[in-house]
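Take a look at the structure tokens below, where one protein chain is shown in two forms, each on its own, as structure 1 and structure 2.
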Structure 1
């Protein structure tokens, strides 16, 4: 769940149409037409990426007249299906994926079971990755992929480029080479596996 309290507003006089705002918006809420950017306040999730990357300082975050709430009702979906999808992505349904909004894996899974197929759709519906837009991209991509979707980064944007390695895929020779330097690869993998399984017996 995320409360959207702000909104991006473009000062058209300052905008030079460089499209950087478009490229960093996680939900396609701002677009450049005829060399001027326009934000859609019904889509904007107030991450402030556009405002913080605009080279002209042409975008301001202003308070919304009405607060928008984002969220997917997890109770409408089969908990077994939610768990299966989360486990496929090596996640516990209850674990928090987005440190900014507190969005849990189960909500992302529910959103995907409800028909979302891209990270942008999931962000727009659940609020995940709508604040720092940094730290939760990998588990989000992992879940979108685990739900059977192919990942195609937008070549016209910089939203995300792709999935990366997880604890379950680090090659043994890499572990052998670097273990002695104090990286606890296998121990951490075991810890992550234990987290994934918490609550499984209750189902």
Structure 2
């Protein structure tokens, strides 16, 4: 659960409509219209990306009048379906994906089972990727794909660019080339597979 206590506010006198804020918002909460940025306080998750990157210092994070809480109730979903989706993405349901907000894989899976289809929708509902926005993007993308959704990076944004190769997708020729140089691709994959299965016998 993430408590959103701040909100992005734009000083229209300073804003030059450069759209940097729009490009870095992980939930599309800020838009530029007629060369001025406008933040939707009902969507803002207080990641501060816009304020941190505004070249004019036109955006400030201010305390919200009412605190918003982001989170998905995992108990409302079948734990077997949650585990199946997580394992398809090579993740353990209890694995923390976003250390900034404490969001676990099971919560992202529940969000996807509940109807979310894009990384932005998952971020808006769970809070994942609404702080540093860096470390958790890859497992989030893997879960979105595992749920059967296509990934469509925004060509006009800098939110994310695509998935990276995982231990399960390294080509054999790469393994053959580097195995003798201190890399343990298959051993790493076996270890990760064991991590994914931890707790499976309890369901």
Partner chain sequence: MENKNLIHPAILPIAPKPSQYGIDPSLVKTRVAELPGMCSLKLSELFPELPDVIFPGGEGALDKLYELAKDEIRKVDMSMIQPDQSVNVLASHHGFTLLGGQPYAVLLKAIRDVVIEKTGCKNIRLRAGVGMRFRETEEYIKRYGLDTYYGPGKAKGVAPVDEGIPIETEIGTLYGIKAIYDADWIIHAHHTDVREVHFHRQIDKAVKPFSMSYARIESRSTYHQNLGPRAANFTARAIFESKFVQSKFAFGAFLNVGPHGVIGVIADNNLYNINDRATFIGCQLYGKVMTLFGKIDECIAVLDFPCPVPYVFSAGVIYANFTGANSDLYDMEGTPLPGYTWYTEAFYGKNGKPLLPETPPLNPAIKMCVHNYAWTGYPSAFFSEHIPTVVVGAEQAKLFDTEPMNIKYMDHATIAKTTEGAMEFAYNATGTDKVIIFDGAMGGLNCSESLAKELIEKAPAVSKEVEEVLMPKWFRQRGVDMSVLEKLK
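Take the two forms, find the largest set of C-alpha atoms that superpose within 1.5 Å, and that set is the rigid core. Residue numbers count along the first chain shown, from 1. Predicted model only: the values in this text are computed from it and were never measured.
In this pair, structure 2 matches the form predicted alone, whereas the other structure does not. Residue displacement note: residue 14 has its CA displaced by under 2 Å between the two structures (rigid core superposed).
Core-aligned CA deviation for residue 189 between the two structures: 2 Å or greater.
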